[in-house]
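So this first bit is one chain, no partners, the form predicted on its own, shown in structure tokens.
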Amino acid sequence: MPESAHAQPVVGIIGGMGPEATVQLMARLIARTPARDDADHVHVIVESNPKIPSRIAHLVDGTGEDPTPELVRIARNLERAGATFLAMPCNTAHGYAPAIGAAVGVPLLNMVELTTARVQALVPRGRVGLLASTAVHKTALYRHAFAPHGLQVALPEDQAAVMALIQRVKRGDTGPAAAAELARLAASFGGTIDCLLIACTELSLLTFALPQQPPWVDALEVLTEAILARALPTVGAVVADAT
């Protein structure tokens, strides 16, 4: 259904990877919308399904069930429910973005492409420290996205520690100690990077502890802003009408 058929765009969120990252995206959308009343907020349809087959098991271990059919099912359900565009707050799952996009008639905001553009604007032809799941590294999602722009990927020395921290967040540990561990992992790159990229939406819950240097980009924040940019023209008109 075309966006023109709606009073405002409707975002469909393919969620549950993980559940708290999905909630964090929604919370950021609410916090960053210049709303004066309920009606000023973005129309959101969410399917938060933590039972989507493991992307890690499929991409890294090579033994898990392919999550593509479930991701496509959710995308089609959201489209049928009235979503005029889709968003997926999981970097790893963007390995399946081409299949999702081909299965629906509405656009999928590609968080990897959007984040790459943000990083390039910040540090053209720079060296980017990448904190992400092992599956993101194995599939070279960001390495492939960066290559045409002259951006280089720097990987952490202790990827096991990164995965351990991601699992801590999935268990609900998002407190100061976990945030301090993210800051430690960021600092482990030393002076070898021009920019840090938080490319796991679990880690996005801990960015409050990151120092300003080196400059950093949070892929979940980029996705939040892209959703609002698509919806805000109408939202802004609603706010203006209320004045």
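A residue's number is simply how far along the shown sequence it sits, counting from 1. Note that the coordinates shown come from a computational prediction; the quantities given were computed from them, not determined experimentally.
Keep in mind the form predicted in complex with another copy of the chain is missing from the figure; the text below concerns it.
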Legend entry - Answer option from Thr207, Thr68, Ser188, Ser48, heavy atom within 4.5 Å of another copy of the chain in the predicted complex: Ser48
Legend entry - another copy of the chain in the predicted complex: contacted by all of Ala35, Val44 and Arg55, heavy atom 4.5 Å: yes
Legend entry - Exercise: Arg171 in contact with another copy of the chain in the predicted complex, heavy atom 4.5 Å: yes
Inset, instruction - Using the partner position in the predicted complex, report whether Arg143 sits within 4.5 Å of another copy of the chain, counting heavy atoms only. - result: no
Inset, instruction - Answer with yes or no whether Met17 is in contact with another copy of the chain in the predicted complex, where contact means some heavy atom within 4.5 Å. - result: yes
Legend entry - Any non-hydrogen atom of Ala27 within 4.5 angstroms of another copy of the chain in the predicted complex: yes
Legend entry - another copy of the chain in the predicted complex: contacting segment from 147-155, 134-142, 108-116, 74-82, heavy atom within 4.5 Å: 74-82
